[in-house]
Each structure stands twice: as C-alpha cells, then as structure tokens.
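The data below hold one chain only, encoded as structure tokens and taken in the form predicted on its own.
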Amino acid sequence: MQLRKPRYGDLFEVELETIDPRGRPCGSLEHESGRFKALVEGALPGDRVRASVIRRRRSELELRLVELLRASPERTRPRCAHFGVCGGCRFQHLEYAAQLALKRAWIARHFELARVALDELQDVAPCAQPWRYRNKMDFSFSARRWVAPDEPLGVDASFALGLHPREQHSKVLSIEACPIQFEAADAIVRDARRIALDQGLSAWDDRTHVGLLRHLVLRTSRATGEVLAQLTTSSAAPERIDPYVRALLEAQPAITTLVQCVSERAASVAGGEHEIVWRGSGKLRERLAGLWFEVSASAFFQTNTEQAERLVAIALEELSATREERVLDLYCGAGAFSLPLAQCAGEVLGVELSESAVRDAQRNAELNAITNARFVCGDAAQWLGAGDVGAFDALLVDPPRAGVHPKALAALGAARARRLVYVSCNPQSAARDAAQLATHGWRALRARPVDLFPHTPHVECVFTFERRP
C-alpha cells in the first residue's frame, strides 16, 4: 500500500539546520513516506518551529511558520515595521555577524557543489553602517494595494506606492518607512503618495495596463547630498503632471533634480522611451575611489557607495596592474572599475552592451581627465569572438547575475592573460563559471566577499584566478 505523503495544511515540527544554496532556511523532516527537505520562510537556523505545508515538490516541502517553539540564539528583533511582508530584506531578524557567516558559507557551498577548489575564502567584509546604506530605491505605484489581514473588509485598495510583498508581484505594499534607504527618502515617498491621492491621479494597473503613475526612483549622492527623483508615467500628461511635480517639489525641497520618464510599454520597468527634466540637470555627482561620476536617472551605479569603494579597491589590488600592462574590463558599465584602474594601468578597454552606459563612461573619463581608458559598445561574447583578447595582460569581468555567456567564457578560457578577476553578485553563477574556467587552466586563488546588501541574501565577491603553470 502506498503511504500518504504530506499534503497542504499538514502541521509538522521542524528543526531548522542551515540555509540552502538559494538562501532559504531549511531542515530535514522524517515522515512515514520518506525524508523531506523542509523550507520554512521566516525561520532561522537554530529555530525549532511548528509549520504548515503550503507546497510539495518531490522530496521538498515549503512550509508556513505557525509557531516559534524555540528561537535561535542569533535571532534578533527586526527594525522594519514591514518586515515579513515586504519582499526586500529577508534577514533583519538575524544578528548581523551571523548574516556575514551565512553569506561566507553560501559561497563555500556553491563552490563545493561546482567541485571547484578555492585556495582561500576570506571572511565577508562587513558594512560599517548596515542601516540607511542604500543610495537608491525603486518604488512602484499600483492600482492593487496589498491589504493587511487586520484591515477592515471593503477597505479601499485602489492605490499604492511602495514595494512588492514577498512572492506577490501583482500587488504593492504601501511603505511608510524603510530603514535601509537613505533617510530623506522616507518623507519623499509619503508626500509623493499623499499628493497623488489628493490630486486624484491614477496608479498603474499591471493587468489592464491603464493608469498614469508607474514608478518612483530615488537616488542620493554621499559626496554632495544631492537627491534625484525619477518619476515614470504612462504618458507625458503635462496638464496632470505639472501640478503634481510642483506640489511634490514644494513639499520636498531636498529634491535637487526631478526627471519624468514616459513609458508606454506594458512591461513594468522604471525608465522610459524619453525623459523630461522638471528641475535641475537630471543627474547626480558622486565620488567613488577618488574620482567624480555623473549618474543619470537611468544609469547603473552601486547602491552602497561606501562598500562599492571597498569592492573597487579589492578588485584593483587583486589585479595589481602596472603602467606597462593593458587591461580588458568586460561588462564595464559606466566605468566604476575601468576609470580607477586606468590610474594604475597602462591602458584600459571597457566593453559594455548598454549604449547609455558607454556614454556615461566616456563622459566620466572626460570629467576626470582620464585619457588611457577607452569604451566600446558591444556584446561581450561577440566582441571576444572578433576582438584580440590575447593583447591584454589582465582581465576584469563584472557580469550580470546570470554570469558570463558560455561563448564569452570559452574566449576567456583561451586568453593568455596572467590574471583574471571576476566580480560577482551571485555565488551560484560564479561557481558555475569558475568550473568552466578551470577546464581551460585557470586556478581559483582567492575569494574576497564584501557585504553591499545587509539583511538580504545577496553578497558581492571578488574572485581571483591565475593561470596554472
């Protein structure tokens, strides 16, 4: 007779033992039908909990926390009122030192699974200020507000400005305050929501594709204190946006520049087909690694400036480029690594797919009077296939979360450079790529992680590879 397997709603007591490679708290569950991997969102390693089954996939169970029976000694009180609902921070309830230990363990585990030996894995470099560290936040307007369980039936849920609840991308949680964003942003978000409601402006509906207000992105500069607001709308609508922007700027004089991006596309992405600058230059000035950078509304720039400086310093230290060497910087963005690198290398070539990022990099080179850094627009794999990668003495790659394209990896594998530095925000894809590089004779010397995103599962890491003799 086939034994009954766990079903939706079944209650179990679970001891959480560790974090799985995807950053999810997990333990093991013995059942009459077999052994199951148990994942309990909101729990921590060291917790013992009572939890109910919400999903089963083969030998894996996802459970909802019902009761905390015994708390981990590393559990702490979360600082944010939205914790547990908001899809952002996942580990505010875990002591910061324990977060760093977990992130180091994830890197080790991913490389172990990929069967890549790391000669050295350093401790994660902590963030000196793990609160209020973000210089940029992306908020969404929505016609479908997430309603809390304790709100009365029939409450108006037709307007929200905030962040998506965990695992609910069709709705938005109206955020009152966020303890990881820069401090001025809290009041800006509240006023942006209040004024929109006062003026009767509509929020975007992802299902029907109607509504005026879509996104609000806020940035600040640590060096200058400037604040940039980027408002994405579904149409230019000057007759409605003009009074809205005027009222917001009057309520929030801290906003030094405001840009309206118009996007008529169905995809819910901040930014648009064209921009209208309502105040200021539409850019910020930020200082990183001793250089000035102009950051436009849609440009990519690391969201933790202090830790980004540490990341750049580590990458440059690991490359140890000299004035006689040429360095290739793949996925170079706006030049955050290329330009500091140009101050110690003979020549730097940056390759980047985004045309706007290349323009930003060229402008930043001019801003800092750097003449030995060039930037070209192109796909990394295609450029490596056509370019002369053998002409470079050292290589720097900073790919997106998905990692390096297989064709680009093959070209990097064949390169005769003395050293390769790989900057990654995803240990899983980095370990997979490291395994491929190993087949081409590259040895993983060192991993130096940096915590750019406290209270989240994300970690940046600088991996250093050298050619085997």
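All residue numbers refer to positions in the sequence shown, first residue = 1. Source: prediction; values computed, not measured.
What comes next is about the form predicted in complex with a small molecule, which does not appear here.
K.L.:
When you measure heavy atoms, are Gln302, Tyr331 and Ala336 every one within 4.5 angstroms of the small molecule in the predicted complex?
P.N.:
So, yes: the whole triplet contacts the small molecule.
K.L.:
When the small molecule is placed as it is in the predicted complex, which of 100-108, 372-380, 79-87, 386-394 ends up with heavy atoms within 4.5 Å of it?
P.N.:
Only one stretch passes the 4.5 Å heavy-atom test: 372-380.
K.L.:
Exactly one residue in Pro406, Pro400, Gly34, Gly441 has a non-hydrogen atom within 4.5 Å of the small molecule in the predicted complex; which is it?
P.N.:
The residue from Pro406, Pro400, Gly34, Gly441 that makes the contact is Pro400.
K.L.:
Given that the small molecule is left out here, which of Ile241, Ala196, Leu353, Val116 has a heavy atom within 4.5 Å of it in the predicted complex?
P.N.:
If I apply the 4.5 Å criterion carefully, the residue I get is Leu353.
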